[in-house]
Each structure stands twice: as C-alpha cells, then as structure tokens.
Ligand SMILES: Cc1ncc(COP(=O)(O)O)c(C=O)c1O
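Only one chain comes next, encoded as structure tokens, the form predicted alone.
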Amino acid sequence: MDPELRAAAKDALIRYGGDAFPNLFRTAKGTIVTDDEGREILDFTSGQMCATLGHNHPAITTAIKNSCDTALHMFSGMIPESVVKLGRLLADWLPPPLQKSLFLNTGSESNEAALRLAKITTGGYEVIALGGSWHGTTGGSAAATFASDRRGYGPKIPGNHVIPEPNAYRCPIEHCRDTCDMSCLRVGLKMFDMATDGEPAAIIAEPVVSAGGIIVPPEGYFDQLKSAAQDRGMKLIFDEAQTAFGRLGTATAAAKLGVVPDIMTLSKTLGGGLPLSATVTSAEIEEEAHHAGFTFYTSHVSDPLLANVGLAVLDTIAREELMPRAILMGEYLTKGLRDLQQRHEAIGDIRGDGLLIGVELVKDRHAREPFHDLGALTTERCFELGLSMNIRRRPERGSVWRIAPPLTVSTEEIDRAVTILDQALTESLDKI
C-alpha cells in the first residue's frame, strides 16, 4: 500500500457518487480484483456491469494488441473495416429488422442517439420512461432516468414523463402483491394521456429494470408497451445495456420476449470492459432519420479499436457457449441464495433472470419495510471479507443487492460468495 497515493486520491479526484472504497486497486483477472494491499476480492458486479467475460479476457487483450498494429482512432468520416464487420455481425445477432448500427462509447451516448432518432422521425419530443429506470447522466438520458440522482441539477429537458414500474413485490400504485396485473401500466398511460402536449416521441425501457431493484416485468408487459407506443405514434426503445449478449442466457432480451423494439441500445455487455456502445434500428427508420438530417457526432464515434473488441466479445460468447452457461450458473447462484433465504428472515425477495439477480432485504417479510441499514452494513462487511457487492439506491439508500458476476464465474466462486454473504448477514444483524 502506498499511503501517499491514497492521499493523492483524496486531493486530486472529484468524487462522483455511488460506492467508493478506501482502497486503491491494482489488477483484475477473471472474477478477481486485487487491491493495493494485495487482497483478492470476488467481483460480483462484473466491474460496472461491463466485464461479462471476466476481467482482462485473453480474447479482449489480443484484440487490443492487434489494434495497436492497425488503427486505434480515425476521423469520424473515415469508416474503419472493423466497424463495418461489427455492424454486419450485430445484424446477425439481433432480431430483424434491427440492422443499422451507430457505434459510440457509453450507454448514455447510445440512449441520447436513440432519443434523437425517435424525435427526428416522429417530429415529437415527449418521452415516457419507467419508474426506477436508469438510462444515463447526460441531458436526454438523465431526463428519462428515475432511479435516483435527479435532484440538484436544475430543470430537465422538457417532455419527459414517468409511469409506474411493474414491481409486483413492491407495487408502486399499492394495488398488487406478488402478481402484477399491469394496472401500473394502464394507470401510467392514462396519466400520460392527460399530461401530454400532443408531441409524443418515444417510450424507453429496460427489459429488466436494474437500478430500480432488478424488476422483471410480467409476461405480456412489453407486448402491451409496444402496442401503447404504436397507438400513440411513438418509437419503442429497449435499453439493453445490461440484458444483451448473454447475461439473461440469450442474445438479447428482445429475442427472449418476442418483442422487437423500433430502436435498441447496447453498451455494457458489448465492450467486455471497454467503452463501446451501439444504437441500432431498422433500415426504414435510419433512412427516414437520414433524410430528416439526423446527426450525432462524438470524438470517438466508430473507433476501430473498440470495434475490434466488440468483435472479440461476440466471438467469445459464441465460442465459449456463455449464453447457456449463464442460465446454469444463474440457477446455481439462485439456489444458493434461496438456501440463505431459509436461514435469514431479512431476505424478503429473490428475483431476476439468468445472471442478473436481485436480493431485497426487509425488516419484516409481511410488511416488507426496506432494511436500508442492513443493506449498508452487509455490503461493507462483504467487502471486508472479500466480496464486492452492489446495493441499489432508490432514491437515497438501498436495500436490494444487484448480483451480476461475469458469465465465466465458477461454481466454486459462487459457493465462496454465498458463504461470505451468509457470514456478513449474520454479523451485521447482530450489530443492529
């Protein structure tokens, strides 16, 4: 450990919110990150939900090294061959008619581009998003984000509306319990129809509402959401930052749901730990947007380095058969968590899909009051014991763990994580 470097972190860096550990970190490999004291820590958040192949997968590091011998960056008007190859491959992975891609860096950027596509092709500006949604921190994406962090930044972009999320465990309209009948959607749409300025543009949604507590909408929800968008002349956008390319055991959530959006955004799971995102739409929408004058310039649009990495990620997922593996490992992890639930009354609900799992902590299983203090204490204790966990905040404190290890996680690593979680819960409950 270098005390001077730790001190420099306090002096030289802006604190940007969320979890910040006192340690600094040196290396990452597979499911393990190593801090500046040499401690090995199981990473059950896949970095920032991005390292789905595990940290520093050889296929990714090889793609980076190969790019160093060809090209890292080009003028935005020069389209690298690797970008075309990735666009062609994505068209094969995604459900038709999604076939036209714009390659960017972050999820926020991909959602900004998607919203601009929707606005320029509909002529409207109003956007519907779900409660608990997280689409980014830039202008348009932040205005459509309702999980947290909305306060203190002044007025948002006009025209954004929120509808209640389909959370059967904690119904936002206090109507359902354990089985969502989609009254939340019907009420939300009625509220929008009352409030609209008559300029509808888009409905944007995560297939699994992640930051809002790993909420899996009921069967048929997205069919109704798509119909609602079509009835109002709006484009349906799926934000698949966390659900695409294996985490749910499928290429995309859209394919699993049998519902194809007008526009899909991809980010975290496409870059394997590097900043790569994409906005994908149909040839028809792309043609209409182009003729209307659509623009979206960034300094790193269509970068060849990142396209090479994206190609490596998709190839690895297919070659190592990581999609069916995510289902098996997700079932194994869920079983371990359900065993814990039998021993700890504070575990109120376990939900999710594949290797994207939420565990909600409560003070009482019947009343379901969120146990924020236990969430904070246990997350801290898990880290001390060698497990990095992510507690979701909404709006200020959290009581739902978001558990999303790499798709390459082993059963031994899952067993170790569950053992640590058991110990951390026991010790934390004794303190409260």
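Just so we're clear, the structure is a prediction, and the values are computed from it rather than from any experiment. Residue numbers run from 1 along the displayed sequence.
The form predicted together with the named molecule exists for this protein as well; it is not shown, and the discussion that follows is about that form.
Among residues of the shown chain, N160 is not one whose heavy atoms approach the named molecule to within 4.5 Å in the predicted bound form. At a distance threshold of 4.5 angstroms between non-hydrogen atoms, W134 is in contact with the named molecule in the predicted bound form. Although the partner is absent here, A253 lies well away from the named molecule in the predicted bound form, with no heavy atom inside 4.5 Å.
The named molecule is not shown here, and in the predicted bound form it never comes within 4.5 Å of any heavy atom of G140. With the named molecule omitted here, the record of contacts in the predicted bound form names 234 to 242 of 115 to 123, 288 to 296, 329 to 337, 234 to 242, defined by a heavy atom within 4.5 Å. Across the proposed site, S108, N111 and K268 without exception bring a heavy atom within 4.5 Å of the named molecule in the predicted bound form.
Among D262, E206, D303, E165, the residue placing a heavy atom within 4.5 Å of the named molecule in the predicted bound form is E206.
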